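The chain below stands alone and is given as C-alpha cells, in the form predicted alone.
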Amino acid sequence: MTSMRQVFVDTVEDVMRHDPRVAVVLAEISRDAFAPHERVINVGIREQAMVGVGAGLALSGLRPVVHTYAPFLVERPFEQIKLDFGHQDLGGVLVSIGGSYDDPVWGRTHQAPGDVALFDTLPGWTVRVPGHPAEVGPIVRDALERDDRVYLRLSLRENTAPHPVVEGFTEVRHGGRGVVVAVGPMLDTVLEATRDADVTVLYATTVRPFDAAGLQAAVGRAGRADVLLVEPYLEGTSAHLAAEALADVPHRLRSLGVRRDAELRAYGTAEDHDSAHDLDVPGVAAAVRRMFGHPAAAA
C-alpha cells in the first residue's frame, strides 16, 4: 500500500502543476521524494530557516507547504511558527511525518508526542490527523485550496480501511453505555478493543477545531455522558475541549494517549511503545472495561 507520505507528495506535485501559488519548503528530509522543481526549496538542516522561508513565501502571496519530521517541524522551530506564521496572521500548510514514535530506531530526537498540544497554545490552526493513506489526498487538496493555517500529522501507522473525510466526527459504531473517540490511526485498535462493549465509537481526522457539537450529539444519542478519548499523541491533549463541550452535562471523562508520567529510554519498536502507553488493544480494552464496565455487566 502507498504510504501517507507518498500520497502527500503525489498530491502536492499534482496540484503544483496547475496552481502556481503552491511552493514546498524542506530541510533535507524528503528531498528525494519530490521531483526537482523551482518551487521546491531545500534549505538544508536549518529547520528554523525552513519555517521562516515558508512564512516569507506566504507574505509574497504563495501557499507554502513546509515539511519534515514532527519534532523538527513543530518543536525545534516553534518560535518561528508562533511569530512568523501566527503573529503575522499568515496562512500555510505544515506537514509532519513520524507521529509520536513511528521510527523509534532513531531515538527520542525523532519523536514528538506533544506536537498537537503545542499547537493548542496558538490560535487559528486547523489540525488534521488522517488514519489511512486514502484519506490524505482529499485532506491535502483541501488544505492547499485554503488560505488559513493547517497542520497535517502523517503517520506510518494506519487503519485497514479509509473513512469519508469530514470536518467533524464520524460515528462508526453505536452503543448505549458511553462514547469512545478514536483519532486517526487509533481507530482499528479502538474497534477491536470495544468489539464486545456497548459503546458508540466516533472517528476523527479533524481534531482542531474540535467537534463539540458532534460529541454532544453522540452523548445524547448514547444516553450516557461517559467519554473516553483515545489519541495517538500526548495523553489528554483534547480533554479540555471535551470537558468544555460537556460543561453543562454531568459527565465522566478519561483520556488515553502517550503517557505524561513516563519517559521511555529504550528504543524498542513502535508496538513496544504502544504497549508501554496502553495504546495497544489490551491497553485500550482495559481502559474501556474500567470506564464502561465489563460486557457481562451490560447484559
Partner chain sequence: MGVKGKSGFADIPALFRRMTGDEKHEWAAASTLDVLWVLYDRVLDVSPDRVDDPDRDRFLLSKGHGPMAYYAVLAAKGYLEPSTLDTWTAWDSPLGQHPDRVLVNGVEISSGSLGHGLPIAVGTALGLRLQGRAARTFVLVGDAELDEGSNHEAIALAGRLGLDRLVAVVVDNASGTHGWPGGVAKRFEVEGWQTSTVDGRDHGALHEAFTRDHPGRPSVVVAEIGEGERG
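No experiment lies behind these values; they were computed from the predicted model shown. Residue numbers count along the first chain shown, from 1.
What comes next is about the form predicted in complex with its partner chain, which is not displayed.
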(message) Please determine whether each residue of Arg39, Leu57 and His87 possesses a non-hydrogen atom within 4.5 angstroms of its partner chain in the predicted complex.
(response) yes
(message) Looking at heavy atoms inside 4.5 Å, which stretch does its partner chain contact in the predicted complex, given the options 46 to 54, 261 to 269, 247 to 255, 229 to 237?
(response) 46 to 54
(request) Could you tell me which one of Ala161, Ala213, Leu83, Val105 places a heavy atom within 4.5 Å of its partner chain in the predicted complex? (result) Leu83
(request) Sort through Glu79, Glu167, Glu192, Asp147 and report the residue having a heavy atom within 4.5 Å of its partner chain in the predicted complex. (result) Glu79
(request) Determine whether any heavy atom of Leu62 comes within 4.5 Å of a heavy atom of its partner chain in the predicted complex, and answer yes or no. (result) yes
